[in-house]
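One chain is shown next in structure tokens, namely the form predicted on its own.
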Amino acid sequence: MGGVRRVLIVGGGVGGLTAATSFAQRGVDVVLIERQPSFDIPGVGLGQPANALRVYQSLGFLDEILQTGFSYDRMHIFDASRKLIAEHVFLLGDETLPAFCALSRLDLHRILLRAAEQAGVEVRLGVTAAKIQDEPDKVSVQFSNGESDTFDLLAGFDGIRSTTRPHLVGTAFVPRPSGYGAWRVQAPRPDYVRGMEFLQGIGSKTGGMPLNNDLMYVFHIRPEAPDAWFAEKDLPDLFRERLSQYGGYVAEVSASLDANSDIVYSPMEPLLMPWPWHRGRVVIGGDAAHTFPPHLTQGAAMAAEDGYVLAREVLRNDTPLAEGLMRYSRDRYARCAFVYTFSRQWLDDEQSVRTAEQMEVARAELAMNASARIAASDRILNSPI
């Protein structure tokens, strides 16, 4: 195993838990630390495309995800009144895998955590890595609780505000505000919402994604001030204002928003770290290395792939650690760079629609080319990792 027998995973999200399970199932002693004192996972829902489902299949818990979530094979693009512009049948998946399975973030996390614990991962909550000392034959870690330990490898999957990333690059690469924000809320699912939907508006985009037979989430993307902060009590009115041009079920969801609605707002802060994603015995993955606009629904999927590929490459045929980490960084950068570029272009295109005249031009272009563009992405992302 290239001398890697003990690994510390920093961060208990999708990427960290997938990495932990991938290492542990291969016989490595794994400790996972998570800064939060409990796994009360914020967020709304996550679409898991076939490339992520293949990772979960390899790790042995795909069936539980498919039984929990909502599988679908297509997406639709509508205008703001939900008049159809384009339909795309995904080229993702195969005879054993649906193109997508979406589920709540909490449900996905519970499945991932259970898999990690069953693989033998030791999970420590409310703990951070206060000090990292990278040495030629080990990495020494002093934890926030005063304890210390040594490992053969430290893998930071600790999110967009990663405290592991500065060990590699200092403050040279950090997430930057894009000038756009994303709003999300769960809502009852109408029977006719059976896949991913985008509703192109003027000055914004909204849409829906089913999470199970009864539930979906509605999302909304639009320009927001980079330093925008909204008081919780104001969220329903602000979200309602932002949805005012949209019809169909979006109008119904908008009308239902009140103080009890669990509305999530977050700024969009893209990041793509240049490779290599490691220094010595410290490596990063997931949102610590890359964050994307959500248009390809690949954020959590790329994190899961990172965790799986990291373990595979580090433990491949007694390869030297530095070689395994370099292969991981090189291969993952290329794939993530595609997702970053494609999704950012999609974001910029949709948000450039600012007038009724531009909407008509966009309608014609989407009707002609949207499915072909998404198909090109499908072919790349459906390829083996």
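Not measured: the values here are computed from a predicted model. In case it trips you up, residue 1 is the first one in the sequence shown, and so on.
Below: the form predicted together with a small molecule, not depicted.
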Margin query: Would you classify residue 157 as touching the small molecule in the model of the complex, given a 4.5 Å non-hydrogen atom cut-off?
Written below: yes
Next item on the list: Indicate whether the small molecule has at least one heavy atom within 4.5 Å of a heavy atom of residue 324 in the model of the complex.
Entry: no
Note to self: With a cut-off of 4.5 Å between heavy atoms, is residue 76 one of the residues that contacts the small molecule in the model of the complex?
What the structure shows: no
Checklist line | Non-hydrogen atom contact residue 88 with the small molecule in the model of the complex at 4.5 angstroms | finding: no
Note to self: Would all three of 36, 184 and 300 be in contact with the small molecule in the model of the complex, where contact means some heavy atom lies within 4.5 Å?
What the structure shows: yes
Next item on the list: Taking 4.5 Å between heavy atoms as the contact cutoff, choose which of 195, 294, 207, 98 touches the small molecule in the model of the complex.
Entry: 294
Note to self: I need the one stretch from 300-308, 197-205, 146-154, 171-179 whose residues put non-hydrogen atoms within 4.5 angstroms of the small molecule in the model of the complex.
What the structure shows: 300-308
